[in-house]
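So this first bit is one chain, no partners, the form predicted on its own, shown in structure tokens.
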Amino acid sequence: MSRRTPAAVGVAVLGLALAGCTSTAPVDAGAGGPITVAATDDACDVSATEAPAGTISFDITNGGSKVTEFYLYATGGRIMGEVENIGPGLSRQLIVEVPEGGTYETACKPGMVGDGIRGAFTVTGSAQRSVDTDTRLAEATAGYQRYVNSQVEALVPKTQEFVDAVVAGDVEGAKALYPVARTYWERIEPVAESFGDLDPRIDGRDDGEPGVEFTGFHRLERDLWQDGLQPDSTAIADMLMDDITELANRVPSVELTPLALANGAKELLDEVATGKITGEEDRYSHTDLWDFRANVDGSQGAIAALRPVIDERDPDLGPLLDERFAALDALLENYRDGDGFVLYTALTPDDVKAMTEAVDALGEPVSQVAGVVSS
């Protein structure tokens, strides 16, 4: 789960949470960008507060001392686009599709916490979604929808097996099933996170958010690995299964766009950088490398769906993506243990450094895909 406040995700619906990118094909300034954002520890200066509907591009530069994020919110806190993990001194780009005019908000989040520094943003007019106008892009979204459906079809029974083990008090069985069930969740995490009411219940972490009940996978993880099964563990497990079932019922209604695929691919790598490489995600079980592998799989799935468009518009980018994905795959295989992976606690600082470098190297070309798709 990304580091979002419950308020931010609480009403996020339709579409993938759109992560940012660094494009080599900037959007025409006359068609909504690039709009520059000067982010610091106490300011978020956006060069324009209005843009026409369609594809809008933001160039964000972090001049502060803290890692920051940038968001574009629709009314009610719905996330239209986001870019995470912008380190001090770094610049990133967010390309987001906003087909409907209206009132929106921009936000910088120094330290990646809280509601951030917000500002009003107006989108004028209306525009047709890109998926409606390009057959090849429409085929890409349809292909990715099939991938998502296949993962959900596996997520439901694997979560049921995990829940059944918890309910039966089979601690060792549940421990073995925990990372397996999460694999299918992590592969489609941007889609799953788009259901803002379900995501905190299913994948929320014990970060002490006021007013947020700690439930879902990570609550059961704590019970299994640290506290032992609790009197309400069965109820928590049953709630998880209900939420996963509801997720499966809602997924067919998700409205995918090519930009959402491109940004979702980058968002998955951001998830690796902010939660898996750091060992924060699975802090009790230390099965972070399972999630790491699944996030990379999901990113690769989204890129694969877009590959015909990428090859058509930027013939050099596809081979570079292949090379970087292969390098990360090879690195991860060094840590395989049977059907899974070694625990995060077995990693050395050099191991973490090598993984960080490989993810960063892959993130750079993946971040270009949104620009290619929107060009």
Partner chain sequence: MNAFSRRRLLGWTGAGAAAVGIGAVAGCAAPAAPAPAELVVPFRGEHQAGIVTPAQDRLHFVALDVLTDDREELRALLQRWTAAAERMTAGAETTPGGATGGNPNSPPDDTGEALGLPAASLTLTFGVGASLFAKVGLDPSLVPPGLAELPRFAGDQLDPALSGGDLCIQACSDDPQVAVHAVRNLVRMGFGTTAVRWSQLGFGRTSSTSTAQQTHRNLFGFKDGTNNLKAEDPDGLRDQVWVSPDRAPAWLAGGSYLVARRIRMHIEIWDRTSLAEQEVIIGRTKDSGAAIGAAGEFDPADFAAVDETGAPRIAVDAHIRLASAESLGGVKILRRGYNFVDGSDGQGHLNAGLFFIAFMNDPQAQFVPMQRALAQSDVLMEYIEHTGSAVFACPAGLGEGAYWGQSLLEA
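Numbering follows the first chain given and starts at 1. Values in this document were obtained by computation on a predicted structure and should not be read as measured data.
Just so you know, the form predicted together with its partner chain exists too; it's not on screen, but the next bit is about it.
Visitor: Which of 34-42, 303-311, 61-69, 322-330 has heavy atoms within 4.5 Å of its partner chain in the model of the complex?
Guide: Within 4.5 Å of the partner lies stretch 322-330.
Visitor: Contact check in the model of the complex: 257, 261 and 286 versus its partner chain, with a cutoff of 4.5 Å between any heavy atoms. Do all three pass?
Guide: No, the candidate spot makes no contact with its partner chain.
Visitor: Is residue 361 close enough to its partner chain in the model of the complex to count, meaning some heavy atom within 4.5 Å?
Guide: Contact check for residue 361: yes, within 4.5 Å of its partner chain in the model of the complex.
Visitor: Is any part of 89-113 within 4.5 angstroms of its partner chain in the model of the complex by a non-hydrogen atom, and which residues would that be?
Guide: Contacts from 89-113: none.
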